[in-house]
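The chain that follows stands alone, in the form predicted on its own, written as structure tokens.
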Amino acid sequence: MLFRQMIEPDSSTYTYLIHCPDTGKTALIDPVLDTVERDLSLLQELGLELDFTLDTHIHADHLTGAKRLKELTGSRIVGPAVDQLPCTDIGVREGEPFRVGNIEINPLFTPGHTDHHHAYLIDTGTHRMLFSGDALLIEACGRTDFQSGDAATLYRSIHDKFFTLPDETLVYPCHDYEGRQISTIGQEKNRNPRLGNSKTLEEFVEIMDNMDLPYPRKIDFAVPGNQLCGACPPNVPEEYRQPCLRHDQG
């Protein structure tokens, strides 16, 4: 399997390239509109064609690149079936593996950050790779104070779906704000200040309920835009419109 990890710096979002060399099939997990040109350049450099984009959830901090990439490459848009987005070509569900060529991607329904969040697990035969989305971050986790979030639900998702995986499972989050790229399940069980060292449900809920985080900068246009798979709504502020203008102009 060919694998690349790339970051969009404004929202600190990681996009992951997954390629099956046996079949030539390629997917991008959580692409960002702002970095579509970068992703296309990498695909060209590697001699690959894009077949799928796969989002973990409806993001609130950036616009997905799924729609634009489909327009430019013919790739198919994949996302949680529970969203029932009319712009999605393929809906994924837990218990129904999604294949990128010979690579089997297992969706894990992990609500709590949002009520539709899915993570994706790949077993390469030598190690497991968990693309944890916003549910589990490196020594952190996704917010639960907006967009159908619920701290108790997130706690159960992480403990039931993630912390039951082998400790050596590699964790690739959707975001990191301190320049870190990778963790493991064992590390998060031991070091995560919100969840580690056998934090109880009550302790976790109290932590999450008292975080007092600022209002998300892009949520007012990112959520409606991502409900259309990355279309730019008319309320995008001027300081964030450049990717929309660039793409609208072709």
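In this text the structure is predicted, and so the values were computed from the model without any measurement. Residue numbers here begin at 1 and follow the sequence given.
Beyond the structure shown, there is the form predicted in complex with a further copy of the same chain, which is absent from this document and is the topic of what follows.
Q: Contact with a further copy of the same chain in the model of the complex for Ser183, defined as at least one heavy atom pair within 4.5 Å: yes or no?
A: Ser183: contacts a further copy of the same chain in the model of the complex.
Q: Would Met129 show up as a contact with a further copy of the same chain in the model of the complex if we use heavy atoms at 4.5 Å?
A: Met129: yes, in contact with a further copy of the same chain in the model of the complex.
Q: Does Pro86 reach a further copy of the same chain in the model of the complex, with heavy atoms at most 4.5 Å apart?
A: Contact check for Pro86: no, nothing within 4.5 Å of a further copy of the same chain in the model of the complex.
Q: Heavy atoms within 4.5 Å of a further copy of the same chain in the model of the complex: does Gly95 have any?
A: Judged by the heavy-atom cut-off of 4.5 Å, Gly95 is well away from a further copy of the same chain in the model of the complex.
Q: In terms of non-hydrogen atoms within 4.5 angstroms, which of the given stretches 86-94, 174-182, 105-113, 155-163 touches a further copy of the same chain in the model of the complex?
A: Going by heavy atoms within 4.5 Å, the stretch is 174-182.
Q: What residues of 1-35, in sequence order, lie within 4.5 Å of a further copy of the same chain in the model of the complex by heavy atom?
A: Met1, Phe3, Arg4, Gln5 sit within 4.5 Å of the partner.
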